[in-house]
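We give structure tokens for two forms of one protein chain below, kept apart as structure 1 and structure 2.
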Structure 1
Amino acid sequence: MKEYVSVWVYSENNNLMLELISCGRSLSDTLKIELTAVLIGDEAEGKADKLVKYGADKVFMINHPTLKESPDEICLATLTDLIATHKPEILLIGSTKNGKELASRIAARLETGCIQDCSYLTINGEGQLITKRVVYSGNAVVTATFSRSPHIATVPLRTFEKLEPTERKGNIMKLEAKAVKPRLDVVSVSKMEVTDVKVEEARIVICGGRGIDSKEDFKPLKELAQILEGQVSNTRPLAEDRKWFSGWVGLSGKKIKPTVYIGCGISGMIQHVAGMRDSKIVVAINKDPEAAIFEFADYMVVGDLYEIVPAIVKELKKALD
């Protein structure tokens, strides 16, 4: 019988890390093996106890004086070295921009497989990791397993629910990051000014489509988002064709999984649906009763968004007053 060593999880995104622990906990319990969380960074110490409370059996805390100068190269070298030494059977990495690149590079160095953006992970009767991922704009699901160890998979935000924290004990180990010579010299670092929550992390998303005539007409959507403590986004045509925005929700843009998604003036093209299909509750507002978006909606509002959205805002303000 195959001897399993442990399940590892890693992400630079704190919320995603807790969700990975939830998934890893389920896999490790099934295999009756240890769950290890890997923390890399100068704030690792303050987070280690929290990861244990959320389900980790062991936490590797890793820091290095040069980590801020070349984090990607050091993370890659350190994780690859740790995996080669401790030989975990499964490594789950958060499907962030950096995480997907990191997972692919680790897999290439270890000559093993890597499956990106897994929406489902389980252990079959033979002790194999089984993964599922959505492809072809959501029209098909690929089920895959691994032929070599370690099994490396990336998991998007909000694929799994965080466990409730409990008072439990775990083994916290301090380790040094592997010293590597950076291939690039960082000349300067400029932080981006972020005033809103990232749309991928928002619990409520109000999304505008081609039914909106001008960029200024997003004002009622922003009012609705402010009342609901949500985030406003848009479809690709408003960003690519009309040049109103720099990003969008869709197959080639942001993938979101909010608790509530409200689509305003959106026809429901499959490319957009692929980016929001995992929303828990979908509300669609469109004056065309045959709009494709209604096929995916839990609540359908047939009417002019220029009348419907302000009316909703008005009633919500009245209720709050």
Structure 2
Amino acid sequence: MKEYVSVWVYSENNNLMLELISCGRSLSDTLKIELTAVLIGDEAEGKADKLVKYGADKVFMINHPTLKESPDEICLATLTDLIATHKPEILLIGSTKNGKELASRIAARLETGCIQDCSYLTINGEGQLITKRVVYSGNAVVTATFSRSPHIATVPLRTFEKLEPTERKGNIMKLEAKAVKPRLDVVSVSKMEVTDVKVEEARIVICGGRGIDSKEDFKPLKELAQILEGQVSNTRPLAEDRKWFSGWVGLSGKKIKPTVYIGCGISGMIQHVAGMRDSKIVVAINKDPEAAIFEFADYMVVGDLYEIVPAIVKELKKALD
């Protein structure tokens, strides 16, 4: 049986960090070992206590005001160095785009395996870390384990629920960032519209696809979202080819698991489904009765979204009055 010493978590995203702590907590409880959160960046001081309250036993706090959110060399070098010194067996990293790059590069430096976007992590009877993730564009789920240490896994937002904060005692240690020269020069940053950034957190998501002809035609969807206190989102072609919105739902976009997903004019290609298949209730509106999205729907509405969506808005207004 393998001997473990500690589980570490890191994410530059504050919410994701708390979710990783929750996941890491259950792994370290099973293994009866310590959970360490690594905090690198701006104002680390103010955040360390919180991480303990949410379940970390130890926090390595590295205050580094110049550190950008990007996984630059400083973050990479600092983490890699710490891991080489303290030898945690399990490292969980928040699966943002930068987080995935960071995880891959740490894994390369330490010559170990890395499993991205885990939807499930557990310790089996033999003390092995077992992971599950989606592959083949959503056509399969692969169960895998590690054969080298540290085991590096990335975990997307909303995969685990953060724990309730409690008054706990933890060990907060201040450390220095490693001084290395950055290789990339960030010239400019432009923020996207914030409305659809939070789609992962929405309880109800109204998603539009290419069945919608113009950006203006999104209005009924937005109205529906407003009544239901949800968010609108879209498929990748609308976001990237037509540039109507910044983010999208799917394999290469956001993974969402709202209570209700309503897909309007979406064909249900596997790459889109990969991002919404964990929704609790799926409603699909499509004029083509053969559309693949219906395979993944709880409620199937065959019809013209231009007629159906406004009618739903009307009915909801009536019902909720």
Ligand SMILES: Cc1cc2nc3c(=O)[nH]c(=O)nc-3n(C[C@H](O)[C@H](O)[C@H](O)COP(=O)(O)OP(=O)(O)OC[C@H]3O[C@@H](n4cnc5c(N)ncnc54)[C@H](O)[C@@H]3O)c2cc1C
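When a residue number appears, read it as a position in the sequence of structure 1, where counting begins at 1. Keep in mind that what you see is a predicted model, and the values were worked out from it rather than measured. Between two forms, the rigid core is the largest collection of C-alphas that superpose within 1.5 Å.
Mind telling me which structure is the form predicted on its own?
Answer is structure 1, the other one does not fit.
Quick one: once the rigid core is lined up, does residue 265 have its C-alpha move by 2 Å or more between structure 1 and structure 2?
The answer is yes, as the C-alpha of residue 265 shifts between structure 1 and structure 2 by 2 Å or more after core alignment.
Honestly, after the rigid core fit, is residue 245 moving at least 2 Å at Cα between structure 1 and structure 2?
The answer is yes, as the C-alpha of residue 245 shifts between structure 1 and structure 2 by 2 Å or more after core alignment.
Core superposed first: is there a CA shift of 2 Å or greater at residue 288 between structure 1 and structure 2?
After core superposition, the displacement of the residue 288 C-alpha between structure 1 and structure 2 reaches the 2 Å mark, so yes.
Cα shift of residue 308 between structure 1 and structure 2 after core superposition, in Å?
Residue 308 is displaced by 4.2 Å at its C-alpha.
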